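In the block that follows, a single chain appears as structure tokens, in the form predicted on its own.
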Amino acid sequence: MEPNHRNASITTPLVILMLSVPCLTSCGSTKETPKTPAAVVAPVGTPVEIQTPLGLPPVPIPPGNKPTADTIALGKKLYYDTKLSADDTISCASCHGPAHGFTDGLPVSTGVGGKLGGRSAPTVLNAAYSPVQFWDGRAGSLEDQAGGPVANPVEMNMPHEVVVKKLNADAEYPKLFEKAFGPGPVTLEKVQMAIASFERTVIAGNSPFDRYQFGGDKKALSAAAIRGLGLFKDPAKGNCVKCHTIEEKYALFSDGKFHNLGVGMNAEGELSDLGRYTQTKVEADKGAFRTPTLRNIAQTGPYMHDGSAKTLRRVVDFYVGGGNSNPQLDKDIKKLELSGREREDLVAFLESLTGEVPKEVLP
């Protein structure tokens, strides 16, 4: 919290301010030419409400990019279009496709020319609820995230100025952008806003867990999944809910924070990927990665930021072992006392988190 200066003297700040203002008269300078404010980009249509299924709260919407039918439709077209890549072979959906729970089913993703990325593609499902994007949180919004893979040389490898030029020269896109944002050329900002609006509709809920937990259907879960839920929440057992949160009326299954599990240690026992530290340069953030949602987790393997865990059972076993020791290991990661049946029950519970995806988001 910043200190309260309400009752402090303002004399000194005013003197400093007067001394720091550039001389525009006695120094012989001319008056500054007023800058023309940048045009505000915003959707022009009627905002629409994104309907959320059982188990999810309202989708957070930024004030400057309220979704409309036209921006969502445009964003969907862009999301599935390979024209956003340098060689017209890769789209957003290539690494975040519905066939694999809006991931790609690979340990690390493949970009243009067969180039391999360094991390597993996180799911786009329910990404609208995450306060930051990417494993390391380097994007503060879906809008910021949308432009990253396009320009990344090992992903879509299309410089922003090139993709904008390409879309402006297209026979169809300029009309669609005008319909969504009003007159004017295609810009990167509009591209990002449209893709983000579509991605906010890529949500999954109404899973067997939701019907059991929030819908009152006590037959929605198997006996094994019910036992797994108990283990998931039990502080003395799994304690998974510590990071994969369940609230009273909804469940995001992510705290949106960063944790070091010791994933990705090399042969020398060192972290091969520093994760959040690359953005913050804070020592405690070394090897920390954003908590992923567990919704539709049965569809999104392999798991962890490096795709090193092929199955959910492997994930459970990793946690039972207490992760991999390193100086920044999260304080809540410790060895678990779980029997073989209890581990299978946890897997059964995780499989119960597979929910319905709106048909409108499919290609």
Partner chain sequence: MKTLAMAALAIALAACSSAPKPAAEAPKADKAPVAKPDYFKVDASTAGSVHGKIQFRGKKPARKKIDVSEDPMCAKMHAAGLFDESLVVNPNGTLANVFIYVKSGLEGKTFEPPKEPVVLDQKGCGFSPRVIGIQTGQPLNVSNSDPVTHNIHPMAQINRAWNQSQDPGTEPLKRRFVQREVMIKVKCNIHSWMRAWIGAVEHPYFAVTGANGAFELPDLPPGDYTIEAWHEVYGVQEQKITVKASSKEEIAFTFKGE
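All figures in this text were calculated on a predicted structure; none of them were measured in a lab. Positions refer to the first chain, counted from 1.
Although it is not shown, the form predicted in complex with the partner chain is what the next lines describe.
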Subject >> in the model of the complex, N324 touching the partner chain (heavy atom, 4.5 Å) >> reply: yes
Original post:
Heavy atoms within 4.5 Å of the partner chain in the model of the complex: does D332 have any?
Top reply: no
**OP:** Answer for A236 alone: is it within 4.5 Å of the partner chain in the model of the complex, judged on heavy atom distances?
**Re:** no
Original post:
If you check in the model of the complex, is E283 within 4.5 Å of the partner chain, heavy atoms only?
Top reply: no
Original post:
Residues in which of 120-128, 260-268, 89-97, 140-148 have heavy atoms within 4.5 Å of the partner chain in the model of the complex?
Top reply: 260-268
Original post:
Within 4.5 Å of the partner chain in the model of the complex: all of S308, R313 and E344, by heavy atom?
Top reply: yes
